[in-house]
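One chain comes next, on its own, written as structure tokens: the form predicted on its own.
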């Protein structure tokens, strides 16, 4: 049971990067905070919205390289709240979608700290929209599944491959860059055609967004050839083909198409 405490923690979703995708509530809380505890995935453009006098604490994580372990982040939030400050825990995307927001909220609840969760636009919907890829389409995909390609402590990636290899469903993989080879191999092994359209969206919604469109069998090779270490979302399914006509976002860098990696 959560009891009233001196401070309150706002667990706020910052979205995938474009500051225009922040909710009105998120922006209001960021501007009113005494301290912002932020993640690696919060874009520089959103960080620039934090007032100059607001304390900032980096608690980011890069794949297999934790600047601050999760247990320490949990304790930090409790300590800051008990100090009476207005705390914003700023997280990329949506806090409750592969964002560990549930773990942090649970720790605050156990400590009797009042908290509030402010949803953010999650990467699956935002990045695919900016790439011109509808996640569902009545002629091409009757559903969508979200999974993560990131594993805990470097453990093998274990997913329900037979269910995920569904040609009538769009599959979205968060943090899928390093596991792209395994993911594509397993999906093909469990029945998804090698020619299934697939995309890798890198730094989605940001000025340097890149969208690589390929086939399921060729995506890992082309993604490796691009050699970009940045937040990457994988989208697999027939809807990916629509990006060839629906891509509307004009980032600073061109959108490579299948075969570009070979010529570059």
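Because the structure is predicted, anything quoted here is derived from the model rather than measured. Numbering follows the first chain given and starts at 1.
The same protein also exists as the form predicted in complex with a small molecule; that form is not shown, yet it is the one meant from here on.
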property	result
Interface membership of residue 175, the small molecule in the predicted complex, 4.5 Å heavy atom rule	yes
Close approach of residue 196 to the small molecule in the predicted complex, 4.5 Å, heavy atom	no
Touches the small molecule in the predicted complex: residue 204 (any heavy atom, 4.5 Å)	yes
Partner contact for residue 179 in the predicted complex: the small molecule, 4.5 angstroms, heavy atom	no
Candidate site 165, 217 and 237: all three near the small molecule in the predicted complex by heavy atom within 4.5 Å	no
Partner-contacting position among 46, 37, 41, 212 - heavy atom within 4.5 Å of the small molecule in the predicted complex	41
Answer range among 91-99, 186-194, 75-83, 106-114 for contact with the small molecule, defined in the predicted complex as heavy atoms within 4.5 Å	91-99
